[in-house]
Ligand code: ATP
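The chain that follows stands alone, in the form predicted on its own, written as structure tokens.
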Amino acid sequence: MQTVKEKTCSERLVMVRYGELFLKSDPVKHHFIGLLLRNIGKALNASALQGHYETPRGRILIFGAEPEKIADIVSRIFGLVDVSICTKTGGTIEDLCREAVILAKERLSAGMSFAVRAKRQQKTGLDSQVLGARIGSAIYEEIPGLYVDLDHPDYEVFIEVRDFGGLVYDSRISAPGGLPWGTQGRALVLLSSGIDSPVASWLAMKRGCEINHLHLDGGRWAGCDVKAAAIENHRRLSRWCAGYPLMMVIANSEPLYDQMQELRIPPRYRCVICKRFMLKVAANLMGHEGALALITGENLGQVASQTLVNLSVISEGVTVPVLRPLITHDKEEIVTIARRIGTFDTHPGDLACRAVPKMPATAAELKVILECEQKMEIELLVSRACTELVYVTALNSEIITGT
């Protein structure tokens, strides 16, 4: 573990906290922290930012010339729970009071309430309660007309006293939490133009998965904005793995719908057959993409194809792991996450599916579905889809290749 170098003068820096990593064994925790530092470095380099790191217990300190920009970038790093721009001071009460007063004067005025949240790493010296009271008194004396409210203050200042000195800050920027990108292997996500699958992809990223995306292009059976919207979802999600190229493969599924129409497959079974086809294509591409599992945006009971009966029939089509991060989420919960991560679009355009029947089956029989697929020669359609591929690469919220 690195120690922070002693410095007598004040210095601005970015402090980040990690949460769940504390629960890991020491070897795993140190490995994950190493991956966090790697991911932070990749993200900063992608934005042409420089920084060096120190890792006192439970924190990562990032020193760089542009702390505001650094804080914005690292607030999207998986594995971190929050980010603060701090002033590093000496460890004396005078040093801490001086910096706390400087911060408070920028935010507080007469009639406002405030609180000091203090903690210390050492067991010697002033305890946290006394430390907070002393610093609070210094702020109160410098800014007349304030009052203390420890429950719901207008303003909070945070103090941490550590072996190397003090950290003073007054904001905590939420970060996504979870596990560092790359700790859980790679998964292949079925990415659509809609709301759900981008959220499912983001949640898998949050649990440490590296992600590749697969989009099934319905051609003339899909709305005119579907393909572009799926690529846009892909681009927006690349913000969350800054510094790493995010890969997307687009497969042609138009022949599937042509075949269902030509062979007069009962329209009520189209959605289930389509979902099974998507999983089969994905399963065939897993090895090439280096994926250990498939991920979908399916949500229990949300549409006809997502009843428990139909999900069972759909899952039977493949033997590989299929993960469904949204399976128990309410729609409003999914929309809330989509808004927060930047994938929700209030004007998405024409995202219709021309193949959706008026009365889709809610409890399709596996025997009937298998008969339909045999008639369609589904495996030939899957093989054809896997040979007609287009690749799209996004990096740092930009599409860099699309061939």
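Start at 1 with the first residue shown and count on from there. The structure displayed is predicted, hence computed values, not measured ones.
Although it is not shown, the form predicted together with ligand ATP is what the next lines describe.
Contact annotation: of the candidates 318, 216, 175, 231, the single residue with a non-hydrogen atom within 4.5 angstroms of ligand ATP in the predicted bound form is 216. Only one of the listed residues (191, 77, 116, 211) places a non-hydrogen atom within 4.5 angstroms of ligand ATP in the predicted bound form, and that residue is 191. Although the partner is absent here, residue 275 lies within 4.5 Å of ligand ATP in the predicted bound form, judged by heavy atoms.
None of the heavy atoms of residue 87 is located within 4.5 Å of ligand ATP in the predicted bound form.
Among residues of the shown chain, residue 296 is one whose heavy atoms approach ligand ATP to within 4.5 Å in the predicted bound form. In the predicted bound form, none of the heavy atoms of residue 131 sits within 4.5 Å of a heavy atom of ligand ATP. Screening 191-199, 165-173, 96-104, 143-151 for residues having heavy atoms within 4.5 Å of ligand ATP in the predicted bound form returns a single hit, 191-199.
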